[in-house]
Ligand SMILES: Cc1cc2nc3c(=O)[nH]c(=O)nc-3n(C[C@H](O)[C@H](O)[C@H](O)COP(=O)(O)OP(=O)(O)OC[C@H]3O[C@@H](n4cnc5c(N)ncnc54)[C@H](O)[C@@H]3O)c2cc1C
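Only one chain is included here, represented as structure tokens and corresponding to the form predicted on its own.
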């Protein structure tokens, strides 16, 4: 291992994705330094929901009580702003996001700034250092390190990860390709006070766009050829810009007396061709951007961090070969691609015009069918995600999926996973003998009973993915293959 570097991993960006990644690295014993351009955390309420997979991941790390403090108010805010607690697809608010066969797998409602504070506190308690008000201007990669120029000073690291948002400096400096589709629409929104709310028509889709309001939140969505020209606009949304947009969309003049948390969204859909170029990697919006419709972006980025964190730590600490990092793109790129696909579909369903109106009517009727509603629920939560495992397995239906919690004697899987270690829980003493060469890398835990009738043993990665499972007697070579793949040759 190169010992001359300033840190094992340099993380650019201190948003929720960057802070969770840094925490996962530190939990596994790797040194992480976070560099953030902003001097203070961003107060903008860009997102309000983390899906069930990210919620479960934070529960596994002991953050469940902290997240729960915000859920009740977050639910009330959602009901106020959207008129419904149900999920939506293209603002058709009919999607049941809680699966009937797994009712405990629920999302959490927490505004992004609150989540960022929770994750920052968590990461700093693990020893992560955050340098705020610092700007990356150059990066150079060598055979065994990356050198970044930050505020004129060099920082060297074994690896560097860009978690610096949709306009990622890391992505541009490292030369990642970022293909995709240009925006069809622009959404402007903020928390406002109006001199007279009664001048507005009812919210919804109108001939020239969409008007949204509820509580203090108001926003517009406009379509047209001029949208693409706004793709590079950096200036913050102003009262005059929002006022003019309201006039174009619904033909009335409003007097905005106060504007807080102003934001502007485009529905372009772009994704890095790969999430890794040598010693530089991307996560979150740096790797993929898309419409915020459906609220999937934050959950997607957090799950990137969970997938990458343990793999990167194992690599820098010499517990796994560098090639383990290739599985990050292999597993996460298809998930990001699927989100881009469904947000493009939502953009199409939100466009104004009678043809879209007719299509929305049919989609709304289809969502009343239980099987269709369940499909959209899986689509929006990602609970259907199953990674293709690069080795033969016993074809258990949950291999490659993120596991829900279950009992392990008088404790639970999530309680055992608090330290971020790989787990092999079992009720068969023969499994401990098979896994003995990996005892230093994997926590092998024998139990009298497991709280799932379809499992007698489960190998669970640090990100909560079921890597191998057995119902009856274990097949030794299948288990050894899974252990070798993720945790090295054993000793």
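Heads up, when I say rigid core I mean the largest set of C-alphas that superpose within 1.5 Å between the two forms. Bear in mind that the values here come from a model prediction, so they are computed numbers and not experimental data. Numbering follows the first chain given and starts at 1.
Beyond the structure shown, there is the form predicted together with this ligand, which is absent from this document and is the topic of what follows.
Contact residue in the predicted complex, from 246, 136, 408, 174 (heavy atom within 4.5 Å of this ligand): Of 246, 136, 408, 174, the residue with a heavy atom within 4.5 Å of this ligand in the predicted complex is 136.
Interface residue in the predicted complex among 295, 400, 382, 180, criterion: non-hydrogen atom within 4.5 angstroms of this ligand: Of the candidates 295, 400, 382, 180, 295 is the one lying within 4.5 Å of this ligand in the predicted complex.
Heavy atom contact within 4.5 Å of this ligand in the predicted complex, the stretch among 29-37, 57-65, 451-459, 427-435: Residues of 29-37 come within 4.5 Å of the partner.
This ligand contact at residue 445 in the predicted complex, heavy atom, 4.5 Å: Heavy-atom contact with this ligand at 4.5 Å: absent for residue 445.
Any non-hydrogen atom of residue 213 within 4.5 angstroms of this ligand in the predicted complex: No, residue 213 sits far enough from this ligand in the predicted complex that none of its heavy atoms falls within 4.5 Å.
Residue 23 within 4.5 Å of this ligand in the predicted complex, heavy atoms: No, residue 23 sits far enough from this ligand in the predicted complex that none of its heavy atoms falls within 4.5 Å.
is_contact(residue 312, this ligand) in the predicted complex, heavy atom dist at most 4.5 Å: No, residue 312 stays farther than 4.5 Å from this ligand in the predicted complex.
Sequence-ordered residues of 184-200 touching this ligand in the predicted complex, heavy atom within 4.5 Å: Nothing in this stretch is in contact.
Core-superposed C-alpha of residue 217 shifting 2 Å or more between this form and the one not shown: Comparing the forms between this form and the one not shown, which are aligned on their rigid core, residue 217 does shift its C-alpha by 2 Å or more.
CA of residue 190, rigid core aligned, shift of 2 Å or more between this form and the one not shown: Residue 190: C-alpha displaced by 2 Å or more between this form and the one not shown.
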